[in-house]
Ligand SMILES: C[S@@+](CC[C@H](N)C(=O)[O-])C[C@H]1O[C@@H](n2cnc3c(N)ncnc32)[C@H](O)[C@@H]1O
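Consider the single chain below, provided in structure tokens and representing the form predicted alone.
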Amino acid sequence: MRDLIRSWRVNCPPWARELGLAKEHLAIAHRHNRVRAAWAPHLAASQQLILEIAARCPSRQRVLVIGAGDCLDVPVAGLAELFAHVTLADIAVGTEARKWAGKYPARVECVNWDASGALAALAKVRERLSAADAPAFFTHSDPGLPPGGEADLVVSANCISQLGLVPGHSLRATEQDSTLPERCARAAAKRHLDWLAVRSGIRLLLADAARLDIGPDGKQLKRETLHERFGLPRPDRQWRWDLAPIPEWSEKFHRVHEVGAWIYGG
């Protein structure tokens, strides 16, 4: 019952709930509660870099944060001190983000916004859409202008790999084609990069650069590069995120991500 109440406190359009976005939002919040100490260095690194790039902006009328979620990795207070308007955008807006908007009502706003531009149309046909046709929804989508208008700083906050992945898992066709979510993820990520490329302000992209499995003895068991799937070069900055310590993901290894930061126009 508690999870049901928390779920409905997430501000999320009904069609986005059907695609699993509210459930994913809560899953992230639950994991953070379980492994808060392990996540702390990553969240601090993200917040510190966002503020560093924000300080470079010659104009500070608006900052847009895409994938704001519960603002775990977003220094909202610091951004509110620097910018006249802070737009926290996500398809699923949680209570923590709304608290920030309540604390800074003249400067901070929360907006339900689909950064992929594809989800409403995808939800209408998710039961009958073929695996061959699904990725094209993301490839040819149009997210439109940024919510609130063009921003002096756009932060894409650790969401690019999830834009198509989570909705892809909700499609009926995935039951017969297990590779479909990954193909949707690639299509959505590349479209997001194209969208970011035409923005007028400074852009900061935070994304998974690699995924590692680390044994209990600290030895690396497996490493998979992620950013090259989306055509990204080596990141400008990089740090580790202890995403799922033993036994969160597995009893045999720690799941660690290398987080990359790509800075454009700054």
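Residue numbers here begin at 1 and follow the sequence given. All of these numbers come straight from a predicted model, not from anything done at the bench.
One more form of this protein should be noted, the form predicted in complex with the ligand, which is absent from this view; the next part is about it.
Exercise for the section: Choose from 140-148, 126-134, 179-187, 155-163 the stretch whose residues reach within 4.5 Å of the ligand in the predicted bound form, heavy atoms counted. Expected result: This holds for exactly one stretch, 155-163.
Handout entry: Close approach of Cys110 to the ligand in the predicted bound form, 4.5 Å, heavy atom
Key = Answer no; every heavy atom of Cys110 is more than 4.5 Å from the ligand in the predicted bound form.
Handout entry: Distance check, Ala207 to the ligand in the predicted bound form, heavy atom within 4.5 Å
Key = Residue-level check for Ala207: no, no contact with the ligand.
Problem - Leu19: touches the ligand in the predicted bound form, heavy atom cutoff 4.5 angstroms - result: Heavy-atom contact with the ligand at 4.5 Å: absent for Leu19.
Handout entry: Contact label in the predicted bound form: Leu64 to the ligand, heavy atom within 4.5 Å
Key = No - in the predicted bound form, heavy atoms of Leu64 and the ligand never come within 4.5 Å of each other.
Practice task
Just give me the residues of 15-52, first to last, that have a heavy atom within 4.5 Å of the ligand in the predicted bound form.
Solution key: Leu21, His25, Ile28, in sequence order.
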